[in-house]
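The chain below stands alone, shown as structure tokens; this is the form predicted alone.
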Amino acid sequence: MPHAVSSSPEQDASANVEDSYMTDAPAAPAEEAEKASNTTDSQPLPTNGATSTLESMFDDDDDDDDDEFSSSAPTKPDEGSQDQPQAQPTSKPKYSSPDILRQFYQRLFPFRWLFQWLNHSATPQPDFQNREFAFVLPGGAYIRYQSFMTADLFRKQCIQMTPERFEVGPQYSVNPRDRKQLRKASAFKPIMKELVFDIDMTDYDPIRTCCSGAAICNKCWQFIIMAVKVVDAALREDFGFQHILWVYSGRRGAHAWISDKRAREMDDTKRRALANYLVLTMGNEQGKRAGIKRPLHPHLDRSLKILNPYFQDTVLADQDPWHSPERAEKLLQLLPDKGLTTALQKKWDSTPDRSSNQKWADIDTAAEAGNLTTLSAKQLVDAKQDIRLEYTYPRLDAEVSKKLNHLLKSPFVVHPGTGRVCVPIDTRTLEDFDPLTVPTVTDLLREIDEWDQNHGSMSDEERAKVQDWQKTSLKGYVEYFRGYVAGLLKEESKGSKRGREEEAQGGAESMEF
């Protein structure tokens, strides 16, 4: 697929994209299903151990090796995808206005710290220079294989082209813009990218009752909070990762970016194994369930301890998932005891207005009344644990995590549908994060104007010291991100120093006689 940036960065944007400009581009890498770090350097955001194997938990029959998200081979448009960028005949939302986006990139976007985050150094490295970026332009054009030598050139291109959003891909073996000059296509391959995870609210549609589709509210956002807590704990405690950045997707989900060097260098096999470790396949719409081995894997045992309080308040009280007879049937299908389910069905038929909380309590009442025919008391406890997990455990889009060359929407871009900025989420104040109060791009531009009006008495010299993002509600998010990046760079510099010392020591030993 043609590249987006010519070998001369000074050429204008039209020259840079002459043969990589595609309308109706494939959705797989372009639109991620809408579906941080514990560093002491990070500023709090505004209010708003041992590795285990998947086989010890449940069977893994996921041996697929599809290239759905390949960014190193030409792809064809997926006409069936709803997320496919397309040119819209009707007027676009104001958030997609080139004038508004240009102001956003000029005045608000934190290019400096995004560059350092992806570059792992304050000075340009191949980590950034050989990395792929993809632009989604107003109108739906999707431009692949862009690369930039410096943060300033990246910023200039964004201001010129005003992408609705851009996506971050891997570092390649050579600069993506030079890939056509290679004699062998196989020489162009991804070699490094952050390990990523995607949690999308639409995956919770079978169990949430308050909203569906793209809609969210504070009630169902609790599912995202649960997922972040469980996944974050597993990544830190089971795999030892430290540099984890959680980012709001801009509408109905969250993304995790793991920047530890060990995570960035994982190949597809390791990424697939780690993703499968975190995926729990429970039931389907017919209630058929894959069994979970007992005793519970330590990861699941820890997850249950995190999730149990949410089951009572969020699932039973807020969502009331089994209130209707149709939904109550799903609960009965998850209880593998004919005598128990017959007794429950009889009770619920006679009192159809019972809440989910009451129906959940009815299970124990019916069991204690002697209605168990095939399950023992211990097996009933296990079955109820399985149900809790099905209604609370994270529902990950695992395919996003399995491929080194998968592209994912960048932090701090504007969601074209909602106008909200994809801001980082501080896990230290996770419960306080409210996606409905995340600022939109138009909110932020208005806040700049209001700040300027309210500080008209300041001297020009004083005003020049305040950057535009510092005048807005984006300030806390940028400061948190800046602290996160500082912690990452500090760790990277330690690693580089250790590497130089080991190399020097090895050289000295090789000279001994």
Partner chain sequence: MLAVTSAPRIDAKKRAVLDARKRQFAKATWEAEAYPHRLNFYLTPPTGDIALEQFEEWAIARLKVLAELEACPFRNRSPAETEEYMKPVLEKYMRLSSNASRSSEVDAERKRDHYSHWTLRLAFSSTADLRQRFARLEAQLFRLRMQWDDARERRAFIDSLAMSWETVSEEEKAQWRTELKAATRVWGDEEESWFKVAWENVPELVERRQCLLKRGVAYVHVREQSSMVVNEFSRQLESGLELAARFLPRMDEDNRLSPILHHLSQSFVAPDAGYSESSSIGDITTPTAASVDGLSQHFPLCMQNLHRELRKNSHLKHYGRLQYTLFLKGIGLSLQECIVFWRKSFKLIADDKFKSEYLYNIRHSYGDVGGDANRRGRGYTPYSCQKLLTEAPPSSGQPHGCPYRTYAPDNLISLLQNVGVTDRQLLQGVREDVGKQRFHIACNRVFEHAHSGQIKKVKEESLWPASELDTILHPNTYFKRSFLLKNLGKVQAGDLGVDGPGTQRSGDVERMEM
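This structure is a prediction, so every number in the text was calculated from the model and none was measured. Positions refer to the first chain, counted from 1.
Just so it is clear, the following notes concern the form predicted together with its partner chain, a form of the same protein that is not shown.
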_Heavy atom within 4.5 Å of its partner chain in the predicted bound form - residue from 338, 293, 346, 94_ = 293
_Within 4.5 Å, heavy atoms only, which of 220, 231, 367, 274 is in contact with its partner chain in the predicted bound form?_
274
*Would residue 262 sit within 4.5 Å of its partner chain in the predicted bound form, counting heavy atoms only?*
yes
*For residue 156, is any heavy atom within 4.5 Å of its partner chain in the predicted bound form, or not?*
no
*Are any of the heavy atoms in residue 111 no more than 4.5 Å from a heavy atom of its partner chain in the predicted bound form?*
no
*Proximity of residue 208 to its partner chain in the predicted bound form, heavy atoms at 4.5 Å*: no
_Listed range touching its partner chain, judged in the predicted bound form by heavy atoms within 4.5 Å, from 369-377, 266-274, 146-154, 421-429_ = 266-274
*Heavy atoms within 4.5 Å of its partner chain in the predicted bound form is the criterion; list the residues of 297-319 that meet it.*
297, 298, 299, 300
